[in-house]
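Take a look at this single chain, the form predicted on its own, given in structure tokens.
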């Protein structure tokens, strides 16, 4: 026996008291040890007294932590290459996997690099100007770059989570993500990390092309043979990973126009709710003030009325609500947090399931019914505000038809807002299910229905409303060179699961090349 795992719990005030930790480990394990290494950390706030749960690995002999050193290969002159559409988490980790196993990645990204992308984010925040190719959804790093950097996933059986986390640390993330139960990087730190990943890909011979939008696909027999970029550059294709993200509606339409099979997929829409962070802390920690030893609290809520679910989505403690439109004359919201999560407000999507049976008025659009439904809501929201990216909001009390105060609380949403009746934005099944959900959430967290809670509408881009089918070998069932990938294709739901999917697609291509 060289090491054993020991679980201890400590108060928040003693989280960094290593001598106490050693004492508790000694008492619990009854072993002498030379070294201890913290492997997992989580907060247990289920009871009135709050603890940190810690998992230590203790070593009988002195232990020297190994430095993670990924094995990358020079692929600049490699015969085999993979073309990748999209430089979001799926596309970037697909490219990293390529240089790990000796395949050259050639990445096309419609948007700009992270540094240049910031100017377009400033334009939409300050002036309501939407750049259709460079915004919160499109650009280097994808939507994940500027929407928080949450790294929690339930897809643990499908991929090597420690490998992905170590790659992120290797490129600049804090080592805390290796041990936290719900790791988080922070929007302020993600751009530098994404830039470092790009540098690695380029250093080892990969290619990344910005301002490069997929505009056409050509097929012969059962094979995708070439792609067109920006309507004027054609590239022959052996293997194409399509990792475009959930908002690449033009790509969905392109596939549909080319008679490439795509399917409708269930998704969710709703609102983004914002509370003072102090109120959420009080609800979750049972304290008037969380103090200096606990992080800003988060929540996860779900309610099912027997017909459909309503649930919290992408909860951002100490966060900010952002304008995430990808076209003019539409309103879309999302949220993000900086690494310290130290803004005064907490926000979360509260969204309702949308199924094929809900969209009878949109069935004429076939598998694009969900896209058109999303667009209809985003358009209504824009028409109500009619002023750039100013969005419609409503006090939760008023939404629930309760007495509400006349003075609006402040909002973290920078472009501004206008009071509106949100029943004019959503169809009745969304509106009524949201009401049921909020009433249920208040039973679970008494005080969730707060006079300071403000609803921002709409939250429509929770996931892709389309699934691009693929078989067990990860390629499209009709075209063996086309590999639908990540969140846009309907196979991921966040940074980690998208990264996992990008890696799995490359591994599938590698098997084809070897055979």
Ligand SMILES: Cc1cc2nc3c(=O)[nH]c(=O)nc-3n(C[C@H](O)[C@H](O)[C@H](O)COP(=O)(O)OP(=O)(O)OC[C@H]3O[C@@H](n4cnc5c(N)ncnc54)[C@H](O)[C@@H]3O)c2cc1C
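Bear in mind the structure is a predicted one, so any value in this text is a computation, not a measurement. Numbering follows the first chain given and starts at 1.
Separately, the form predicted together with the ligand exists; it is not shown, and the next lines address it.
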In the predicted bound form, the one of 83, 198, 150, 275 near the ligand [non-hydrogen atom within 4.5 angstroms]: 150
In the predicted bound form, the one of 167, 350, 248, 217 near the ligand [non-hydrogen atom within 4.5 angstroms]: 248
Region of this chain that lies against the ligand in the predicted bound form, out of 70 to 78, 237 to 245, 372 to 380, 218 to 226 [heavy atom, 4.5 Å]: 237 to 245
Residue 12 within 4.5 Å of the ligand in the predicted bound form, heavy atoms: no
is_contact(residue 412, the ligand) in the predicted bound form, heavy atom dist at most 4.5 Å: no
Proximity of residue 505 to the ligand in the predicted bound form, heavy atoms at 4.5 Å: no
Contact of residue 89 with the ligand in the predicted bound form (heavy atom, 4.5 Å): yes
Residues of stretch 191 to 216 in contact with the ligand in the predicted bound form (4.5 Å, non-hydrogen atom): 212, 213, 214
